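In the form predicted on its own, a lone chain appears below as structure tokens.
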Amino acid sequence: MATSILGAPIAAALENEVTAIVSELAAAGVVPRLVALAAGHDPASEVYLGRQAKAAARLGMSYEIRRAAEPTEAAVLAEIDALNADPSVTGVIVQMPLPAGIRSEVVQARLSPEKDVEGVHPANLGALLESAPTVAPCTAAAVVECLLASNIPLRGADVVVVGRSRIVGRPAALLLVEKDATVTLAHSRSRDLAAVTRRADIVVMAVGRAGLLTPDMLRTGAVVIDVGINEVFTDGKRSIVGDALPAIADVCSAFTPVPGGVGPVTVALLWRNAARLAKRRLAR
């Protein structure tokens, strides 16, 4: 029977690390101050903002929500400029999704790399080529954390990352290479994807296509890290599923469930990034 890699205990361990950093900062008279920048009132985002506020308070961080004057790219960039210039702000979270017409890559590139809690500024993405980047895209880093916490060997492992996005698939591949894995970066248009995934010790799914990975695409005993978050409706009922079919549990040795796997770890890494950025700033 496959082992389910649950995100909650991994996230709890990461939060302990965050608490230790925040305590160290507090001893120096510093409290990390985070600002979540929103450009609309997406219902799901509003729920997430509320959860962020509670988590920040629990971890000893200052947190506030700031809204752009209007849902336009110019207004969002103006807020970004103001936050960059405010020395009291140690980290900024750009709340997604942004309204139509606002280019996320433009907004992310405008943010100061030193305040980029999500690790998606081009400079921070480029720093992934270094051996120990201060921050990394949270979901990509969560892939590695799930594997390390589960004591799954990475050195020399044959890993296939399916998905080539700039903030998940590609960064995950770089982080895994740094752990001495042999990585193949595949995607939905790869020729004979099943042949590629069947040879892997570890398959990371980061495409965003429900049920793309099927049991016959895995070798027996493989490990699956499922990053996919897909909304599906069956008989009028909504559910969240990953990129892998549940039946992979009959073939693989371990897997991350959706929900409850990579997600909680991703959130915890957001807070670790925030604490690390504040600590780096103090050191300067």
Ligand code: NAD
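The first residue of the shown sequence is 1; numbering continues from there. Just so you know, these numbers come straight off a predicted model, no measurement behind them.
As for the form predicted together with the ligand, it is not shown, yet the points below apply to it.
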| task | Would you check, heavy atoms only and a 4.5 Å threshold, whether Val207 touches the ligand in the predicted complex? | result | yes
| Quick one: is Ile229 in contact with the ligand in the predicted complex, heavy atoms, 4.5 Å cut-off? | yes
| field | Arg110 within 4.5 Å of the ligand in the predicted complex, heavy atoms | value | no
| message | I'd like to check something about Gly119: if you look in the predicted complex, is any of its heavy atoms closer than or equal to 4.5 Å to a heavy atom of the ligand? | response | no
| Quick one: in the predicted complex, does every one of Val162, Val262 and Thr266 get a heavy atom within 4.5 Å of the ligand? | yes
| note | Exactly one of Leu213, Leu176, Cys146, Val168 comes within 4.5 Å of the ligand in the predicted complex through a heavy atom, and that residue is Val168
| task | Select from the listed residues Ile102, Leu193, Leu83, Val183 the one whose heavy atoms reach within 4.5 Å of the ligand in the predicted complex. | result | Leu193
| query | Can you say which of 72 to 80, 119 to 127, 151 to 159, 183 to 191 gets within 4.5 Å of the ligand in the predicted complex, counting heavy atoms only? | reply | 183 to 191
| Looking at the ligand in the predicted complex, which residues in 121 to 146 have at least one heavy atom within 4.5 Å of it? | Thr139
